[in-house]
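Read the single chain below, which is given as structure tokens and is the form predicted alone.
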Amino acid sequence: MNVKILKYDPSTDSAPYYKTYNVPWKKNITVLEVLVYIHENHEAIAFDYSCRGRVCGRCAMMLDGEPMMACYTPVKKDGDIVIEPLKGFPVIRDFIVDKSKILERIAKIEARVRSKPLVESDITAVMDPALAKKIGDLEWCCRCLSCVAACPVINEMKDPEKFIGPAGLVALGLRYYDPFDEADRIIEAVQNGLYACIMCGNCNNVCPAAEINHLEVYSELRKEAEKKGLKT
């Protein structure tokens, strides 16, 4: 199969450029295997991966214009494909992009806010199973940011600081459900663009974590915002 990839090294290249390689196709070959083949048999390319199981989020990129995780996404048939770095992020080299800006914002959101340290009775207390499931599902988010690359809102905003994007809203949902967190995550969600989301569902479609229902989280956050009179 012919594999067209977008190469770019800002330290040496004046602009990104496409290059095509021939890679033997086999049933269930993954995008990651394609990249490894090119790297080992044609020329060195820069890409990142670790877990090979949708857990680390490091191999997110674009396949034929759609965000996906290279480690577990198969190339379904022998034909021409295009692989590009994850949309919307500065390219460090080839398929390695700089996610630090949004990941730093998400890390601040995920920091649990408490007035007092947790004690043993808090930790050992039995949690409501339904609540535990909500929290457990959201903890599957691997911060791959495929959802951000697929979001039409965040990628078209002139001022992206006004909208934290799908991954940020998931992080807010996680702390909103967290019984040990004492911050007002509803106000924080509204301030971070909860109502900028158009509920298109693209985030759900590309998310590698089937456990996460993005739209359900956003809807629950909006429901609580309306109770507080915060709808904008």
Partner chain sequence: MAKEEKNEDNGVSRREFLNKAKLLAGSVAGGMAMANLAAAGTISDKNKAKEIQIPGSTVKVPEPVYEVFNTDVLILGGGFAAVSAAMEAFGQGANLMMVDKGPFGFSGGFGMNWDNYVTSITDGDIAYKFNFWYSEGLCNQKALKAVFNHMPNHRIMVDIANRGTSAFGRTKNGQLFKVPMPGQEMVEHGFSRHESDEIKRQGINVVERTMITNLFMQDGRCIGAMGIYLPTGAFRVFRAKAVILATGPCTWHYGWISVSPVSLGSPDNTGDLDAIALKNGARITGCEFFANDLISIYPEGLAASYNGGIGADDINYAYICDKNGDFWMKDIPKPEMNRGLFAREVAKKILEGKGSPNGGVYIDCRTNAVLDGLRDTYKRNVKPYKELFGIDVQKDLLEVAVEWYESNAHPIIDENLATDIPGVFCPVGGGLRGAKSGGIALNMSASSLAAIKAVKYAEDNKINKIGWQPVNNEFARVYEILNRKVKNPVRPHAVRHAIQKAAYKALGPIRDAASLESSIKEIVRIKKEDLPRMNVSNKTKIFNTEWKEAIENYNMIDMVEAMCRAALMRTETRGQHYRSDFKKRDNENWLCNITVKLLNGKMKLDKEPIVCLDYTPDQVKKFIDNKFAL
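This is a predicted model, so every value here is computed, not measured. Rigid core (definition): largest C-alpha set, two forms, superposition within 1.5 Å. Numbering follows the first chain given and starts at 1.
Keep in mind the form predicted together with its partner chain is missing from the figure; the text below concerns it.
- Contact annotation for the candidate site: Pro16, Arg58 and Glu104 all lie close to its partner chain in the predicted bound form (heavy atom within 4.5 Å).
- Heavy atoms of Asp80 never reach within 4.5 Å of its partner chain in the predicted bound form, leaving it off the interface.
- Using a 4.5 angstroms threshold between heavy atoms, Leu32 counts as touching its partner chain in the predicted bound form.
- Although the partner is absent here, Leu6 is a contact residue: one of its heavy atoms lies within 4.5 angstroms of its partner chain in the predicted bound form.
- A residue is said to contact a partner when one of its heavy atoms sits within 4.5 Å of a partner heavy atom; Pro152 fails this definition for its partner chain in the predicted bound form, lying far away.
- Contacts to its partner chain in the predicted bound form (heavy atom within 4.5 Å) from stretch 72 to 103: Tyr72, Pro74, Lys76, Glu84, Gly88, Phe89, Pro90, Val91, Ile92, Arg93, Ile96, Val97, Asp98, Leu103.
- For Gly88, the Cα coordinates differ by under 2 angstroms between the shown form and the other one after the core has been superposed.
- In the core-superposed comparison between the shown form and the other one, the C-alpha atom of Lys158 has shifted by at least 2 angstroms.
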